[in-house]
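First, one chain by itself in structure tokens, the form predicted alone.
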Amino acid sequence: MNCPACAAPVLPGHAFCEQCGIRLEGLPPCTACGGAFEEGYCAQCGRRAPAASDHVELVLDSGSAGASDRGLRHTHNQDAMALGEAEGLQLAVVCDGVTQSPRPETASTLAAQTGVTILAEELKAGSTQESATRAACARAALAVAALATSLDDAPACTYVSAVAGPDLVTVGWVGDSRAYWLPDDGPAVLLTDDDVASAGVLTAWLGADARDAGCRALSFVPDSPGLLMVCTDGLWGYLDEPVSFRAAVPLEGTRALVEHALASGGRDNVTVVLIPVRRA
């Protein structure tokens, strides 16, 4: 018996595939033709079966939440996100795989997981938020660069991280994924600035072929409660006013933002994390 989505061997009676995580029972028919999926593809039209990474939601007890979706035009999700907590601080990393590079989803997943892991280790060791942010980004850059077999086979991704506490917020970034501060009262504040080139032109990224993977970082003291938002361009390309999506429950906010991107065209993968920031 094989998984209908990824074709990995599965045991009778198992509810989920151990390889790709998709639910084995109740896999919906192909959305293109209504056919059944076999060994990863529609037996009727050849369309790829949905994967567990097509839509992912994460929630922490602290209230941080994230949602990532394949979008309407890509065949798979090249974005990745990771959430964590350390020393009473909330952590998040969001990465967007560079479509023109090989294995972009591998790069984004590795960078997000490495980033959150190193953030937590550095903060527990006593590093400042900005030092931890730069160290985590540097380690993520090394990890992604090590995936390359040559400069012509160099996976790549963008990177944006957040460390949020009641008294200080720090973001770090390489590439055009963004971070916003959404105060409970007042307009949204864009915190990152690697997206100043023409639309679709990437000026910085993580990867063996990156010209400069130096992390940029910014810290600020929040003067009111609010939400810290980190996201990929699959979302911010459709946002005119992010504060209109403020939500008391961050998970509901991330779902509304993803739905907004899909309703607006969904031309790219969509990933967003919302972190509540409340004064101590």
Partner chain sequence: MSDFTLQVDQHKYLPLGGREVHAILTVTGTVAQAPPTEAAEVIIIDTSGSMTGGKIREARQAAKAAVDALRDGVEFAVISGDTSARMVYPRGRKLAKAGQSTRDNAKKAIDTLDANGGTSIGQWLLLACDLLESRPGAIRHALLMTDGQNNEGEEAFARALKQCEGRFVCDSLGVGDDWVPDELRKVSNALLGAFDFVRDQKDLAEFFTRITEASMGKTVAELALRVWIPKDATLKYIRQVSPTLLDLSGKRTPVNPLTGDYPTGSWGAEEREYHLCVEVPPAAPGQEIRAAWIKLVRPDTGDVHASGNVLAHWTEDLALSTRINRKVAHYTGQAELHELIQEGLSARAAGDTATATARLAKAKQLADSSGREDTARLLAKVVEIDPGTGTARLRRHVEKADEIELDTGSTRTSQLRQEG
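Residue numbers count along the first chain shown, from 1. Worth saying up front: this structure is predicted, and the values here are computed from it rather than measured. What we label the rigid core is the largest C-alpha set whose atoms superpose within 1.5 Å from one form to the other.
Keep in mind the form predicted in complex with its partner chain is missing from the figure; the text below concerns it.
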>> Please tell me which of Ala86, Ala210, Leu72, Ala143 lies within 4.5 Å of its partner chain in the predicted bound form, judged by heavy atoms.
In response: Leu72
> Quick one: of Arg48, His55, Arg255, Arg216, which gets a non-hydrogen atom within 4.5 angstroms of its partner chain in the predicted bound form?
Replying inline: Arg48
>> Given that its partner chain is not shown alongside this chain, does Tyr238 nevertheless sit within 4.5 Å of it in the predicted bound form, heavy atom to heavy atom?
In response: no
>> Can you tell me if Glu38 lies within 4.5 angstroms of its partner chain in the predicted bound form, counting non-hydrogen atoms only?
In response: yes
>> At 4.5 Å between heavy atoms, is Arg267 in contact with its partner chain in the predicted bound form?
In response: yes
> Though only this chain appears here, would Val221 touch its partner chain in the predicted bound form if you measure heavy atom gaps against 4.5 Å?
Replying inline: no
> Going by heavy atoms within 4.5 Å, which of 73-81, 90-98, 103-111, 151-159 lines up against its partner chain in the predicted bound form?
Replying inline: 73-81
>> Once the core is aligned, does Cys42 move its Cα by at least 2 Å between the shown form and the other one?
In response: yes
